[in-house]
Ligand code: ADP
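Just one chain is shown here, as structure tokens, and it is the form predicted alone.
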């Protein structure tokens, strides 16, 4: 290990990252530290770059003291500098103009070239310019799917094919799909990328049959270099479309071409689908998107606010993040609603205004989700007494549910570690911190994850 550190061009940055991994929660590390890049590690200077102004401001306000403490532990005098990476995007009104021109460019180019299916296969896909890897906020709930999507663009031969991204409405499936296309277009502009929804795929097949042009449809799909199909679950019950997808899949798979599909359910949960098609989904990697954690939801809101030029205080962001837990699209929609009301009425966007505007949207159950509610849900799930969870008993039958309760309190209420310790019988804040980190690290264990998800379903449904 020592040898690899010495050979690194940024040895102090490597040490700092390792220290932060041990000190911060997995959630905070995944959300913020993974966005950082070392710009300079020489002499008495350590320059750290962040991808946008929001991330820079957030890290400066919330984590700079942590970084400085860890750097000071090196022993040598080191000046820590936080700054934007070269070429980092700046938010402003120009972004909307760029978005419109980029969104219409592929269609305009397609019309100018002519409308044959073979030309369409070679033309650039219509991607949403806002859906990039840089604008996707990464947290423990989506880190695997994000990393798998990145692997599609980082390797010419697919590491995982197919890549099946599974998640509910508004959790980022389409965002990652467009991010793959966006990045591939930038890195390898000569690639033939076919980005389609399953509805478009079904329409192509139906029209191909009706107009006797199935050869052109097959060419468009099977001659591409990358196939990206969104919401594949909609081919359920459509035998002819499944047949075409099956043969298209085989042709691309044999040619080692990347295949990425998204679905709102796991392959075995899709009804009325041929078993041979279902089996193809299991050949690669199934990466799921879960409901984002509190800190990730707040980061998503702050990122959108920065992009749209909205002044959003941390307390308002936290209120929105605590109130809307199941759907990122709904979360962003609430921000737009509150900002619109603030602008139209010329009132400052404050916490009281947000509560007023969203009083009919934010459910009473959502506002009532407190540490006590979570402790009772954990008690019922594990069939242990609340008094036992709050007691000093340390047997595994009590300690494990207690750790789950502390983890869920931190994840869903935004309560501080001392407050969580108090809710669990006056435990020390370090006990709550250690419980949160321990359960977060054990989520890869199917048994632990099953307990957490089952309790969350009871709390959030």
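Remember, predicted model here, so these are calculated numbers, not experimental data. Residue numbers count along the first chain shown, from 1.
Although not depicted, the form predicted in complex with ligand ADP is the subject of the following passage.
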>> Given that ligand ADP is not shown alongside this chain, does residue 173 nevertheless sit within 4.5 Å of it in the predicted bound form, heavy atom to heavy atom?
In response: yes
>> Please determine whether residue 376 contacts ligand ADP in the predicted bound form, using a 4.5 Å cut-off between heavy atoms.
In response: no
>> So, residue 329 and ligand ADP: in the predicted bound form, are they within 4.5 Å at any heavy atom pair?
In response: yes
>> How about residue 338 - does it come within 4.5 Å of ligand ADP in the predicted bound form, if we only consider non-hydrogen atoms?
In response: no
>> Counting any non-hydrogen atom inside 4.5 Å, which residue from 131, 219, 382, 160 sits next to ligand ADP in the predicted bound form?
In response: 131
>> Can you work out which of 229, 224, 137, 145 has a heavy atom no more than 4.5 Å from ligand ADP in the predicted bound form?
In response: 137
> With the partner removed from view, which of 194-202, 246-254, 329-337, 386-394 is the stretch that lies within 4.5 Å of ligand ADP in the predicted bound form, judged by heavy atom distances?
Replying inline: 329-337
